[in-house]
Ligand SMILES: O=P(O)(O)OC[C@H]1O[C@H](O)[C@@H](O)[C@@H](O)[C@@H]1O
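A lone chain, given as structure tokens: the form predicted on its own.
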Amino acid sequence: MSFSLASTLPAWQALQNHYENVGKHLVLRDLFDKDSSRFNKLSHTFNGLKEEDGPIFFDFSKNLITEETVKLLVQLAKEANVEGLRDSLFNGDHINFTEGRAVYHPALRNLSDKPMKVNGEDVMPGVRSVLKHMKEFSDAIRSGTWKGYTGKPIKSIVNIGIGGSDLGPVMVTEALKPYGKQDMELHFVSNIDGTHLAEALNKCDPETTLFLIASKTFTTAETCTNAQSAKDWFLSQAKDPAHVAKHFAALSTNEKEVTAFGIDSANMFEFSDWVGGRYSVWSAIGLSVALYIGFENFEAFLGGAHAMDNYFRSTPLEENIPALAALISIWYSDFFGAQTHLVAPYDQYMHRFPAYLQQLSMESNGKAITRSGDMVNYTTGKILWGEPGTNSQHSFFQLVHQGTKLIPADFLIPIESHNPIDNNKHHRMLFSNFAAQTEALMLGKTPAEVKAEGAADEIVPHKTFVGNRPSNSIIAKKITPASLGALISFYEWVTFTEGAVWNINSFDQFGVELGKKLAKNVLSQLDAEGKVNDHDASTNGLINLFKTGF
């Protein structure tokens, strides 16, 4: 089954007609008034986790949709062959066709005995071997049996990576901080700005610091530069290069470069080319996570994602939570003209969750060319952004409530807090804000309601809220390793489904490469004598200003 543009599919045309005749006229207040069972009809529960971790509840009822909308969206997914592409992914087919690779990160969290094959070979023995290596290494570091070059145990972990080699571990270790080893300090260095590395090293002692160099190829410019500077810092005190073996590990596939750097190959953790960077936290890239929360918790993290994988793979589209979330997102993006999507986690530990999802979504679906090589004539790749509540309510929520832009939003919260301070008073206040914000976005406030509060006539327009602003509410029992794994997997499959419907390859990232290539050229010019004149006038001027100063 093949097609070029999603907009040529019959279901797309039916949705366009539905939008013109029904969708753009929908009023959420009226929809709830007319159907007392709307909440139950448009809410779904994921029950794939253990009792202590789940369930996770998804409320889609505060969206500008009807049951007919959902039927048409599901039909669109079927015509776009979402199910077929999903099956191809799980079968190990090379669906990342531009790079000739499988997309097989679900194998990294496959805790079953089921084989998973790429090119006819079961990858699971290799996956389990790396996990065993990670367990042994993390157990040795956490127990203190691994000693640094002066015989002291490791106290500080510095993960040096960028992109998926940084965003995933940062987010997960922050989100699961209640499970972290309290006497272990974690530092993450990604930016080539020397300040990032300097601030981390200022808090470390070479005798008790372990560096994790996270780069699949071990050639990533920013990561390798930061790694070399970290090595120089370490050797300025340790002196003997042989000591590097006790303080550096590599998360990479390039043994030649790793050993040339001075890292013992026994401290190298591999992963395959079918692991994309933004899906790599489940792989050896997650070693910092295993070190911090312990391998058993890391395995539970994998297990939560595996449960969501099984659910997504086996559940009909009509009831499939990630697929439905993706289709509703497409409804806003391509029919209502929404350009952005807000994610607001009401959990301080998840403050880096939106940043993580930014890469997942925008690096995956920031494409304008279909799998058949045609330019799209519809919107792809929503701009995903967000901050935790309740802080975000006091910054950009003004725009969300009363601005001119339609901004669909996801609100996330656990029922149980890890810190039930003052008889859980703080968490009750947090949840009250969570619920109130989605209600306020939906209902708004009419001029009559404003007048009833005693506002002067000239003030009424300023205090009126149009409302009718859509949102999803996602409620977990508690943010545990397993439930976090399930939530991340949920968003992965949302992203996959969007890309499948738009008929784009969600798994390459050539847009990241051009700037890197040009930067290498500029760097060589910065190191050379004389003025630069082979760029455009602006770029020439900027480079020459940097070289000469003010």
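If you're wondering where the values come from, they're calculated on a predicted model, not measured in any experiment. The numbering used is simple: start at 1 and walk along the sequence shown.
The same protein also has a form predicted together with the named molecule, omitted here; what follows describes it.
Placing the named molecule onto this chain after superposition of the site C-alphas, with its pose taken in the predicted complex, gives no ligand atom within 2.4 angstroms of any backbone or C-beta atom; the site is classed as open. Checking 41 to 49, 485 to 493, 509 to 517, 60 to 68 against the named molecule in the predicted complex, the stretch whose residues place heavy atoms within 4.5 Å of it is 509 to 517.
Mapping the unseen interface onto this chain, His247 falls outside it, with no heavy atom inside 4.5 Å of the named molecule in the predicted complex. Although the partner is absent here, Gly303 is not a contact residue: none of its heavy atoms lies within 4.5 angstroms of the named molecule in the predicted complex. In the predicted complex, Ser215 approaches the named molecule with a heavy atom inside 4.5 Å. Put simply, Gly286 is far from the named molecule in the predicted complex: not one heavy atom of it is within 4.5 Å. Checking Gly164, Pro408, Pro106, Pro345 against the named molecule in the predicted complex, a heavy atom within 4.5 Å turns up for just one residue: Gly164. A heavy atom within 4.5 Å of the named molecule in the predicted complex is found for exactly one of Asn267, Thr464, Gln359, Gln75: Gln359. Taking a 4.5 Å heavy atom cutoff to the named molecule in the predicted complex, the contacting residues in 277 to 291 are Gly277, Arg278.
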